[in-house]
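Below you will find one chain, with nothing else, as structure tokens; this is the form predicted on its own, and questions on how it binds or moves follow later.
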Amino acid sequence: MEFAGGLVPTGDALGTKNDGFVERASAMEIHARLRRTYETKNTVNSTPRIGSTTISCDVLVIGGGAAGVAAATAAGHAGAQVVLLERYGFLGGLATTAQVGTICGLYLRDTTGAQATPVAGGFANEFSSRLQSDSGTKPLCVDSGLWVLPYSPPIFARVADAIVSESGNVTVILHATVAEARAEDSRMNLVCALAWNEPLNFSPKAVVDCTGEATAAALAGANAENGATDQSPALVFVLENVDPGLVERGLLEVRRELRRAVEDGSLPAICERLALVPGTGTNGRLALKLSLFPANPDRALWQQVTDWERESRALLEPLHRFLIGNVAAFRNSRLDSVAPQLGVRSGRRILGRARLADEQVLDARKSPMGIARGCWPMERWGKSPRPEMTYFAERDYYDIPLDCLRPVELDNVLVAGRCLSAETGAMTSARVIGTALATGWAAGTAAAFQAAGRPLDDAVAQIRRQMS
């Protein structure tokens, strides 16, 4: 099945003419149009579809997180016919499912400046401006001159969906999980997925893997390394009716009480790893994150993730009960929500044609093939309750070369986000959302150039102009 004759691009299905459904249609109009589209398809297409649908496209983007949204938008803007696969029922990836709450990596570190300075122009800056406008937030300076952008996860998902819709040429398929990827003559030519439990096959000209685990690239034979033991994950949860003054006072009192509880055996040691999510709490609604311990290298990753999820969620009830009984700021609090997924900071990443080295980050090195700028310090969450921070020069950045996004074995595949090719320390910097937006845009642009048979050098030149 050809792209145009099969799935309907998001903008066309809603009748928005690529101007964005948020501005052009009310919620009731959207519902009515989607319903008519669904009924028409059910009437016209009466043939069995199980295992028989193959969709051709120019660029297939796998993963609808920050990197995937950027990649699909970039490829769509470049004129490619794009399919974006996302395993959840909404876009945003860990920014929404793990409720991260702040975007790091957008602004240069500056201990003296009164305002945040974007590390680059281009899509990451445009996305953050849209997010600020819709959510009413602004950059916040935290420790050591680091600037972050607080956000609401539902608004992040809404902005991501609107931006993808406005880009044109992008078909979004939700609840889609890749099960198989095949390559022939160094090109990924078939990707098999389940979309709401229905098998779909994709025949792309180029692929961008934004899964965070290099899933498609690894399935097709690309060499990868497992970084799951490099960093500990975190579970975010939100408490309501917390004393707003706690944000100004900080967690010193809380940590003192937690230390006492750990020492007398009332709580396990992991509860000392509790931290605030910056930008929350002033209205009594406080987001907290509980960092777990890094993966056990002797356990299979699927077992480790299952254990992480179950054990961390089981801790929340006794931890919250302890806070209510021992810290005055939490006396009237209640548990409002828990992130549906752990925030995994490090996973599988490719071994690319270039590898971002620790020294490149710490020396803030530039590259003529640089397609994204990293400005966040190395932030390693290990066994200590607090992260180990390693800084490079203030008001500076390093370049990420395009070849860090290219697996050695696959000519038509790029990756973006935290599965790019990097040494362990470098990845603790490059993994953040702001940098993922930048690498995603670069990967999507390069993939569109590949699909059109245009040189990658031309893609790099265009990306670098957009960053300026």
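The shown structure was predicted, so the numbers you read here are calculated from the model rather than taken from an experiment. Note that residue numbering follows the sequence shown and begins at 1.
The form predicted together with a small molecule is left out here; the points below concern that form.
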Task: Candidate from Ala354, Leu267, Ala176, Ala183 lying within 4.5 Å of the small molecule in the predicted bound form - any heavy atom - done: Ala176
Task: Listed residue that, although the small molecule is not shown, lies within 4.5 Å of it in the predicted bound form (heavy atoms), from Ala295, Val164, Ile350, Leu85 - done: Leu85
Task: Pro407 within 4.5 Å of the small molecule in the predicted bound form, heavy atoms - done: no
Open item on the list: Is Cys210 near the small molecule? Define near as a heavy atom within 4.5 Å, in the predicted bound form.
Closed with: yes
TODO: State yes or no: in the predicted bound form, is some non-hydrogen atom of Gly343 no more than 4.5 angstroms from a non-hydrogen atom of the small molecule?
DONE: yes
Task: is_contact(Leu288, the small molecule) in the predicted bound form, heavy atom dist at most 4.5 Å - done: no
Open item on the list: The chain here is shown without the small molecule. Which stretch in 388-396, 111-119, 210-218, 325-333 comes within 4.5 angstroms of it in the predicted bound form, by heavy atom distance?
Closed with: 210-218
- [ ] Check, residue by residue, if Ala72, Val170 and Ala448 all come within 4.5 Å of the small molecule in the predicted bound form, counting heavy atoms only.
- [x] no
